[in-house]
Structure formats: C-alpha cells, structure tokens
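This document starts with one chain, in the form predicted on its own, laid out as structure tokens.
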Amino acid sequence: MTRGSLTRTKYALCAAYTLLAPAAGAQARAGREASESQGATVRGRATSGSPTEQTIAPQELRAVPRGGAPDLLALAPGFFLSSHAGEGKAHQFFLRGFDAQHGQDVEFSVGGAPVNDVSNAHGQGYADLNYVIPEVVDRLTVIEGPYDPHQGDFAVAASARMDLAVRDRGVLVRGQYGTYDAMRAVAVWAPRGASNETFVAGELGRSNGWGPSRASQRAAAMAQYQRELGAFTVRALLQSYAGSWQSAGVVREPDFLQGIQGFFEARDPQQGGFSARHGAVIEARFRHGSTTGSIRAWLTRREFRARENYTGFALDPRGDRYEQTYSATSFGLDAEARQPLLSWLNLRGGAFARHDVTTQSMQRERFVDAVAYQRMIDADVNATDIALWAELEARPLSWLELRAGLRGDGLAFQIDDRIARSGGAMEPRGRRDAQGIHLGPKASARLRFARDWTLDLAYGKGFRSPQATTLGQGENAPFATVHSGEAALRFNGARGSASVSGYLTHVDRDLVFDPVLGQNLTIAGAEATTRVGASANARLAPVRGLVLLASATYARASFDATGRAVPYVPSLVARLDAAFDREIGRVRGVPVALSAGVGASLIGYRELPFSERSEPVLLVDAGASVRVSVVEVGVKLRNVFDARWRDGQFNYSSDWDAAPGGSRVPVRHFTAGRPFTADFTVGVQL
C-alpha cells in the first residue's frame, strides 16, 4: 500500500470512527444549570453546544488545594499540568494525547482576551495563565477537539475559556504562609448591589522554592466593571501582571543515582526568567428584537524572557545556556450574533481579527559570565489573523439537534529577520512576507433519547499557525491541520451527570520538543501523527454540600510514518476531586461552616525518545478550613504523601563537564516535582 493510500485510509477511518465509536461526551448542560441556579452571570458568547464542552464552576470545589488559576484546568477531563521549569513560567499542558507544551495545541482566553503568544521564540502559542487571580474565576469552559466554528488558531486539542466574576459580594482579604517561606496576599472588592462581573482584585506572592534556584515572585491586579444600558450590557476589564522565577533545570539520572547531583540540586544557577502582561478588554452585549450578540475589543502588551540549559557543555565548551526573549503588542476584535430564522432553525455567525507586533530573539551564553557568544534568532514579526465563521443550528425534531458550520481564517506575516544567513530554502533569512488561508468545516448531531440521555456525534477541522521565522518570501503559509471525529454518550440527572466518549484525531504537521535546541520542531519524515483515545467523567452531588468530580482519559499518540509513539505524552490521565462545604452549626448564634477537599491525580507512563518510558505518578492533595462568622482559617497540603516524583522527563545526550571528550550517549534527565508542602491561610470576608 502506498503512502497516499495510507493517508486516504486514515481519513476514511476517521470519518467512520466519528459515526461508529462508542459514544461519550461532556457534562456541559448539567454544569450550566448548576452554575445558573447558583446565581452565576452567563456572559460572553452563547454556549456552543459542542459535544465535548465542559462548563465548571471552580468555586464549588475551592476546598481542593491548587497552586493558582492554571491548576483549575485539571477539573476538565484529561488535563495534566507540569511546571518543570519553575513556578512563574507558563505550565506545560498535556491533553487528549497531546503534549501541548506551553500552549501550542490549546487555545486560551481569559475575560474575552486571547492568551496564546503568536510566534514566541520559546514556543508557538505560549500561554502564561499565572496572571489570573483564582478568586475571580467564576466559570471555566473547555471545548475538547476542534468542533466549534468559534475556535481558531491553536485549537488543536482543545479551547479553554475563563470567565471572571465574584459571587460573594463585599470585601475579601486573605493571607497565606507556608513551607519554604511561601507567602501570598490577596484582596478582592466586589461592591454590593453591583453585578457579579464588577470587582477589583489584587495579589502579591513570593516563595523561596523547595530547593536551590527555585525562588519566584509575582504581582497581579484585575479590575472589571459591568453595567446594563438599555438593550446593551457593557463590560470593561483592566489587568496588569509581572512575575519572575528561578529554575533549577534538569538532573541527569545517572548523576543522581551515583550521588553526583542531588534530587533537587541545580547544575546551572543562572536559569529562570521574567514574564509581564498588561491588557484591557471592552465588550458590548446587545439584544435587538430576536437577535442577540456581542462585540469585543482587546489590547495586550507582553514581555517575556527565559534562560535555560538542558545540555551543559555538549554543544559548545563555553556552555549551552540559551536566552530567549519575546515582546509583543496585540490588539483585536471579536463579534458574534445569533438570529432565529425559523422556529426550529437558528443562524450563528461572527468575525474575528487580531494583529500582533512582536520582537523576538534567541542567543547562546557563556556559562561563567552569561556573555552572549552566538545569536540564533533576532527578528521582528507582524502577524495578522482575520476570520469569518457561520453555523446553522437546526432542531427539526424534538429529539434531534443538528449543527453545521464553516470557519475561514486568513493569516498574513511580515518578517524582518536581522540575522543575514545563507543556507537552504527551508530556513531563509531577511525581510519577507507570507500568507495563507485555512478553511475548517464543523458538523455535529445530538440525539436525545429516554429522559436524561443524549448521543453526540461530531467532526471538526482545526489548525495551528506556523512559527513565522521559518517562513520564506511569498510562501503559502503551511498550517498544521487537524481532523478530528468524536462520539459521546452522556447522562444528565438531577443529582449528577456522567459521560463516556471516544475520539480519533489526525495532525498533518506535529511539533515535538527538542531539549538540545530548546525549541519545538517537526520531525523530518514523520510530521503527521494520529491519536486514538477514550474518556469518561462523572459529576455527583449525592448530599447537600458534597461535590464529587472524577475523570479518566486514555490516549495513544503515534507517528503515521513509523507507528512509534509520540514522546512525552501520558498514556493515562485520571483525576478525582471531592469537596464538602456547608454550615455545620451555630455557636451563640454565630454560623460555623466547614470546608474540606481532596484531589488526586494519576499520570500514566510517558513514552520517551530512544525507546524509553517514564514511570507513572500518583499525587494526592488535601485541605480543610473552618469559617466562623466572617473569619476563615484553613490549611492546604500538596503532595500529602511526599512522593519523590519526576515532573518533566526527557531522554537525550548532555555533558556537564567543560573538559572535552564527554559522552554523547543519550541518558534519562528529569526535573524534580513538588515535594510535600503545607500552606496556612487566614481570610476575612466582609
């Protein structure tokens, strides 16, 4: 069989799988109903109804310990977050068989503004969510797969949206102190009588870290105002954030076993970085007759710098540490409208535009004094993305819903590369421009049967934009294109919901992290990958005050050309969250409430290069607090059993001896995971 016939067969199987796979899905409707019954404000665009949409209210699981707003993503089935480079740097995301690195395969937005960086030298789609103050995250919506026409660039594995609001009105002041001199202070003012979406919040935090070269600091502020003006509802958001971190880097497994390097020790103490984000969003939601919609504009300023060293002196006797920088100004518009056409037929449509003005660089530095000796990237990139999309929603029968949509994106790039370099056509240098168009059809069907059961079938085509510095003059920009099919069976009852699903996803140009070069690259001759997976999740509220959330996702990711597994991807991600929160009595008329939570994550083995495999990981967190009147005192324990686990695991060759003649045999490397930590909190809610 030829490679072409294999490819055609692959797409045929994908289509067949969409129709025939054992079904599964998400608890979207139950989550929405639960949130709305608690007084949440539904804002932003209308719910898509995608079969994989998860809508979660994080506050009902607030008793489960978390490190920050990014950790809320673990509430969605299949999400696993790694922070192998230090607290303060963007997390590494794993989802549905994808090693999404720092965001290349997941489209993020917060408060209506896109988060992913375009053509960041450190990684395409880099998404730093550390600027979000967790106390103001009211709703987390995750759409797994590329099945909604509103999804755009980077929506390869999923899209994730955080909506901001504060339900407990008044003033909240909270202080936290814990292991390794970790401190955090947060204040939230949510004026009574105002909308849930109106608040002002600030956060300060720092930590010495759980070993050498792990200190971090951060400061964040967010302010949002929402008001109804006749047929319009206007919302404005301002935010500012700056954070810095140190990174211990990797440990060579042979050196650790021989006692040369400790589990938490650092070989290069100059690793770390800085990240800043400042932005504004203004949105107007409207209703005109039967037409509803929204218009949103945003402006963001980004600054980023990272220094890392994975290989020691393997590439150059002066040292292999590299520094990457990125700065960008981004602005854009997003509009959407929904118009009923018939009693059983609706039309949704919208337009999107984004422009990024960026400067990026990458250089190698001497180990002894951090003086740069080689410049690898030095470029300005202007990137424009203009999109139109539309979708028909039909309900011809009471038990049948159909959706069909199309999204078209036109991307244009202007590159000014200041490194004049001769070489092959695959990596041209100088001033150049490139452009491309991507069309992505979407379709889904929902069949309702019995009282609380639905069956969903979906197909979608999505894309990831190219790293601009790799483009040539006049090149038709090569998108990474994803085709995905999914089937979902779900149950939504009065006391809970459950679902089970199966999916198949094909990517024609995948990216894999190369520690030696410090970038995400395609593997020549094996660019295309396929993922086959299954997921199950359940949400139960068996008694008042108790919420249980459980999920498990299995995925097999492999290269089409060789059949070998895609490296670094967890085979299994399972998660259990249990939270209890209710008033347990009164003392002299003063209410006393108890909150307690447990969270457990099971991460299966990860395939590594050179036929190696990592070990599975089980982590357990627990927390509890007592509220008496307006005062709350609590404790949060992370990694309760003090598991000695390896957060990031790699397999490649390195040499940490500056003398010549070092070994070039690939060996295991790892970054140390968080040990047991305890944080004590005191909060006052007025």
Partner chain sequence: MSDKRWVSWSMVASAFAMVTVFHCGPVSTGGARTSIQASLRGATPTGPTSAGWSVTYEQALLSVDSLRWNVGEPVFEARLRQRLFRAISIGTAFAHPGHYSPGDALADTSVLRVLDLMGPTVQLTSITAVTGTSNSATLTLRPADAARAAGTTLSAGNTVRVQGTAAKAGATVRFRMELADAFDIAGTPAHGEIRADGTTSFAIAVDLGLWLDRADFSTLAMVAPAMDGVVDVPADGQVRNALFRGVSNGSAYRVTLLPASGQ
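Numbering follows the first chain given and starts at 1. Just so we're clear, the structure is a prediction, and the values are computed from it rather than from any experiment.
Keep in mind the form predicted in complex with its partner chain is missing from the figure; the text below concerns it.
Novice: From the list Leu333, Val368, Val516, Ala231, which entry has a heavy atom within 4.5 Å of its partner chain in the predicted bound form?
Specialist: Checked against the cut-off, the match is Val516.
Novice: To verify the annotation, which of these, Ala280, Ile523, Ile386, Ala379, has a non-hydrogen atom within 4.5 Å of its partner chain in the predicted bound form?
Specialist: The residue in contact is Ile523.
Novice: Tell me the stretch among 115-123, 232-240, 91-99, 567-575 that has any heavy atom within 4.5 angstroms of its partner chain in the predicted bound form.
Specialist: Only one stretch qualifies here: 567-575.
Novice: Does Arg285 make contact with its partner chain in the predicted bound form, using a 4.5 Å heavy atom cut-off?
Specialist: No, Arg285 is distant from the partner.
Novice: Answer with yes or no whether Ala187 is in contact with its partner chain in the predicted bound form, where contact means some heavy atom within 4.5 Å.
Specialist: Answer no; every heavy atom of Ala187 is more than 4.5 Å from its partner chain in the predicted bound form.
Novice: Taking 4.5 angstroms as the cut-off for heavy atoms, does Ala223 touch its partner chain in the predicted bound form?
Specialist: No, Ala223 sits far enough from its partner chain in the predicted bound form that none of its heavy atoms falls within 4.5 Å.
Novice: When the contact criterion is heavy atoms within 4.5 Å, does Ala494 count as touching its partner chain in the predicted bound form?
Specialist: Ala494: contacts its partner chain in the predicted bound form.
Novice: With the partner left out here, which residues of 185-211 have a non-hydrogen atom within 4.5 Å of its partner chain in the predicted bound form?
Specialist: Residues within 4.5 Å: none in this stretch.
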